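Only one chain comes next, encoded as structure tokens, the form predicted on its own.
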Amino acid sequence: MAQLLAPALPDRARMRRSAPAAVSAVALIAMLCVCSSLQPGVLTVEGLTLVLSATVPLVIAAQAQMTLMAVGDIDLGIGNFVGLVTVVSATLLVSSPLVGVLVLLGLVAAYAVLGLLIHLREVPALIATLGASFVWLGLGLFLLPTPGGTTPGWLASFGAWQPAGFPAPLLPILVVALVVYLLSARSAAGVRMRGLGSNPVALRRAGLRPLTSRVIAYATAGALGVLSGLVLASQTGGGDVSSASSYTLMTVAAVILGGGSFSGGNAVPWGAAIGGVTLGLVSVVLSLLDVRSDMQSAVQGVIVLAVLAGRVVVGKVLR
């Protein structure tokens, strides 16, 4: 176990590790400045609540994606999974609350089983999660063929909660990022997950089971996916299995923007949160700039590439 615990990073290495998140933070601040110049009310509590609310479920889903990327996997089904949770929230949680809760717990268990099968059968995570995405989509369409339904009162109340003097969306973003940070960076389970992503051989030599680490990672991702879906349902007031289809690639981009890597072994919860908020604010900036809807996707891609280029440049400078 000791060989999995990295020694204290020197100052330059620590700076190099945190540089991607810093670049994303600069981009986030720049977009907030642009928003405030176009609409001065953005920097008020009400304005920040409005522009940040849509980023909350994306940020939580990005934490789920980061958890799997830390073990070297990528989840191509997180978007449909979050959409399925909104459908369960708008149907079963309303008509049969106990059944709805059991179904949500079953979805978390299904994610853990998915991780188990990936490890035991040595199926590439990309293939397995892509196949699972069609399962989530099919279940969502079976429960709710067309968007609609209503969310439970307690969930709708959470979506409408507005504390005095504080932007409500910041609270779930900070709390979830803190919890994931404590799990990934300050717990034995987090060390094992990162060890699986960076050096599975050392993990085995330390007498630890890679299977357990992967199952824990997938169960954690499933729980975060359920939370993301509940938050999204609280904002939309209904269910739609396709409502989060864009999250699949956006969560990967958020993790990379925040300092994550495709090779595994690296978990930066605060960076993933900043990356998710940054991506969520892009559409707000483009709307305020009156960019045509058919051009917004292209402009979003350019902005993401610019931030990634900044990350590369800063990384080379700090080498």
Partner chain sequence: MNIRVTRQWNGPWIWGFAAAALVWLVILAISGQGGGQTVSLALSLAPYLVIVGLGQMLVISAGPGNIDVSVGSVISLAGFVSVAAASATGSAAVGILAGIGVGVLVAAVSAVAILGLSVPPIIATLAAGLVASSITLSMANGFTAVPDPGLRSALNLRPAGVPLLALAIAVLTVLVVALLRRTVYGRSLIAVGQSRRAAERAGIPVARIIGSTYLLSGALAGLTGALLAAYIAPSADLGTRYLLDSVAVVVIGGTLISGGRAVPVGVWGAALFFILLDGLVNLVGWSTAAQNLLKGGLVLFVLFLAGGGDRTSGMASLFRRRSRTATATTTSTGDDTDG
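Just so you know, these numbers come straight off a predicted model, no measurement behind them. Residue numbers count along the first chain shown, from 1.
One more form of this protein exists, namely the form predicted together with the partner chain; it is left out here, but the text below deals with it.
**Student:** Would you kindly say which of L141, V99, L171, V179 lies with a heavy atom within 4.5 Å of the partner chain in the predicted complex?
**Tutor:** In short, L141.
**Student:** Would you please decide whether G72 lies within 4.5 angstroms of the partner chain in the predicted complex, comparing each non-hydrogen atom pair?
**Tutor:** Yes - in the predicted complex, heavy atoms of G72 and the partner chain come within 4.5 Å of each other.
**Student:** Can you tell me if S198 lies within 4.5 angstroms of the partner chain in the predicted complex, counting non-hydrogen atoms only?
**Tutor:** Contact check for S198: yes, within 4.5 Å of the partner chain in the predicted complex.
**Student:** Quick one: is S37 in contact with the partner chain in the predicted complex, heavy atoms, 4.5 Å cut-off?
**Tutor:** No, S37 stays farther than 4.5 Å from the partner chain in the predicted complex.
**Student:** Should L105 be counted as a contact of the partner chain in the predicted complex, where contact means heavy atoms within 4.5 Å?
**Tutor:** Residue-level check for L105: no, no contact with the partner chain.
**Student:** Name the stretch, out of 171 to 179, 115 to 123, 219 to 227, 91 to 99, where some heavy atom lies within 4.5 Å of the partner chain in the predicted complex.
**Tutor:** Stretch with heavy atoms near the partner: 115 to 123.
**Student:** Just to make sure I understand: among 245 to 265, which residues lie within 4.5 Å of the partner chain in the predicted complex, judging by heavy atoms?
**Tutor:** Contacting residues: L249, V252, A253, I256, F262, S263, G264.
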